[in-house]
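There is one chain below, alone, in structure tokens, taken in the form predicted on its own.
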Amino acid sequence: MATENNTLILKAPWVFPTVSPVALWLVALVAAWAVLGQLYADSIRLLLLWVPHLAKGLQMNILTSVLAIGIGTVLGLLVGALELSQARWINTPARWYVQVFRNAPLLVLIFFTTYVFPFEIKIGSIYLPFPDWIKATIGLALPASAHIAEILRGAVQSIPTPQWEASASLAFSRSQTLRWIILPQCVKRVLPPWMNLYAMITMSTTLASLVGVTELLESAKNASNTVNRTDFTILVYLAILTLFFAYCYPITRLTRRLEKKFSFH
């Protein structure tokens, strides 16, 4: 504490540096696994032997999620464009499509696509297998397409009306205005919710294990049943949580950054 020109000046004794939340999470995870390493050393040794099997299951989750969001994006953009049509006979079926698949349970859709599609497809004299993981991917892509259609519709409708009017005054057609003026502006609005949807789809891929797809959760079940020890079962499911967190958390952080960067007031 000091005075200068009859003015009281307070000096803080110490200023704590800011720490990134990511660093705190990483420290917490490392500390948790260090403690578990001391308590369950033998179980962790067994878990390390199962890591390649778990990694192979995680690859299936990632593959399923990437294909589901890819198919859902293409189909969702098409349905969203149909929703924006001024012709009632075009936009009404698109809106019903969105309502049906947005409100359908994911597990029901996965079971539906598993049983509605054949086990193999005949092309001429050749029989091609139609595996369950592709059926589960379609089951995840259908609700994803409905959500993406709504995201696109909301983004287009958020564009101020004067931009449409200005384009019309310049003799642009509605399709030209949508393609060259409106949609480029919608990219910033669509990207954050699209990434958030992908993270949700990735976590939902564990439902594919219920129809026989060997993904991460199914791999963990196999490991747990083989070892048949309670402490190992706890560790293997904790490993699943850690792997999903390590994959989805960076996506969530990037989504928040994009939301702040592309925020509109």
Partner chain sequence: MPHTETHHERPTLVQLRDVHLSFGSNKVLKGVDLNVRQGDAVSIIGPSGSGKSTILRCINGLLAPERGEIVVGNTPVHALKTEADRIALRKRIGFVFQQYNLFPHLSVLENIVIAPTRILGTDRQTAEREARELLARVRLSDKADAYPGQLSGGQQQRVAIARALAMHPELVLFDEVTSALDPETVGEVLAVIRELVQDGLTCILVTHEMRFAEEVSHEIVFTEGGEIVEHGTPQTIFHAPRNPRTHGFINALRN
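Here the structure is a predicted model, which means the values were calculated and not measured. Numbering follows the first chain given and starts at 1.
Below, we turn to the form predicted together with the partner chain, even though it does not appear here.
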Exercise for the section: Note which of Leu107, Leu191, Leu78, Ala166 lies within 4.5 Å of the partner chain in the model of the complex, where distance is taken over heavy atoms; exactly one does. Expected result: Ala166
Exercise for the section: Just give me the single entry in Ile123, Ala87, Val100, Leu170 that has a non-hydrogen atom within 4.5 angstroms of the partner chain in the model of the complex. Expected result: Leu170
Practice task
Report the stretch among 158-166, 87-95, 110-118, 123-131 that approaches the partner chain in the model of the complex to within 4.5 Å, counting heavy atoms only.
Solution key: 158-166
Exercise for the section: Decide whether Val74 counts as a contact residue for the partner chain in the model of the complex under a heavy atom distance cut-off of 4.5 Å. Expected result: no
Exercise for the section: Would you please decide whether Met195 lies within 4.5 angstroms of the partner chain in the model of the complex, comparing each non-hydrogen atom pair? Expected result: no
Exercise for the section: Taking the partner chain as it sits in the model of the complex, which residues of 180-202 have a non-hydrogen atom within 4.5 Å of it? Please list them. Expected result: Trp180, Ile181, Pro184, Gln185
